[in-house]
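Quick heads-up: it's one chain on its own, the form predicted alone, in structure tokens.
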């Protein structure tokens, strides 16, 4: 008896079963998820990103930010993500599939050269700090390994006595030259995208602890003027 057909059928069955298990079933279970209503607030979660934040998502992807930053907080018991303030849910489960419903593609990241950004919109609410950090991370986080992105900004000279623009990230008054640093539209969009990154809502997959003494994300970002001769130097974990 020729075993060839049996071997072929067995191989085909194994491959078909694997394809059903790894492709079809996840699509049926996760791919058809929809927005859910948050009982406490009546809001729908997750919300679609507004236009500027959606544009910033493209800037984030184009500059490869996901190579060094992840967007997935591990559950309690698996590392120190929550202790670092990266998780915002009072739940053993932190990141779930529902959080990424409108992210195409999902940029979970594969490395953590820098901190996780899942909840950066909650941890750092000061846009000036974020803009300064993008322009030159050394100004806000001494010793940071993050590269600067000066091409997302414009340097504009100031005449003697000229008032800086209200949109200036910061102003430099030097003995020979006075100038201001202004964000481009791409920089503004990127900061809007970072501000939209937060996943604190309690959904079905993230049951809250019976106790309310769960760690919460810090939002006490320093208040900084839009145009100043100095740059903010302290911030939450970033």
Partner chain sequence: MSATISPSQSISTGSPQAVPEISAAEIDASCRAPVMLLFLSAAGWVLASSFFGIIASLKFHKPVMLADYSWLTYGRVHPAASNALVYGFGLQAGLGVLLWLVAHLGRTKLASAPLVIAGWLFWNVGVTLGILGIIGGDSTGYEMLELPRYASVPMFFGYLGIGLAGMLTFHQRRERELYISQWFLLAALFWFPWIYSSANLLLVAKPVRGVMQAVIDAWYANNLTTVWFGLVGLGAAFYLIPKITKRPLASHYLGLFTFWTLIIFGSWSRVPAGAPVPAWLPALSTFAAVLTLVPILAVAVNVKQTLCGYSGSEGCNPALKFIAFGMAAYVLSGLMSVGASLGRVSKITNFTWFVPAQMQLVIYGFFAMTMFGAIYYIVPKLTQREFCKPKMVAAHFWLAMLGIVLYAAPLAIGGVKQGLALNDAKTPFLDVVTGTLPFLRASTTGDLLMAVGHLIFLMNLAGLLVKLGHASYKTAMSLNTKAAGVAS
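On a predicted model such as this, the values are computed, not experimentally measured, just so you know. Positions refer to the first chain, counted from 1.
Keep in mind that the form predicted in complex with the partner chain is not shown, yet the notes after this line are about it.
Participant: If we define contact as a non-hydrogen atom of the residue within 4.5 angstroms of the partner, is residue 156 a contact of the partner chain in the model of the complex?
Facilitator: No, residue 156 stays farther than 4.5 Å from the partner chain in the model of the complex.
Participant: Since only the chain is shown here, I'm wondering whether residue 146 would be in contact with the partner chain in the model of the complex (any heavy atom pair within 4.5 Å).
Facilitator: Although the partner chain is absent here, residue 146 would touch it in the model of the complex, with heavy atoms inside 4.5 Å.
Participant: If you check in the model of the complex, is residue 67 within 4.5 Å of the partner chain, heavy atoms only?
Facilitator: Flag for residue 67 set to yes.
Participant: For residue 107, is any heavy atom within 4.5 Å of the partner chain in the model of the complex, or not?
Facilitator: Looking in the model of the complex, residue contacts with the partner chain include residue 107, since a heavy atom lies within 4.5 Å.
Participant: Assess the spot marked by 34, 96 and 113: is the partner chain within 4.5 Å of a heavy atom from every one of these residues in the model of the complex?
Facilitator: Judged in the model of the complex, 34, 96 and 113 all sit within 4.5 Å of the partner chain.
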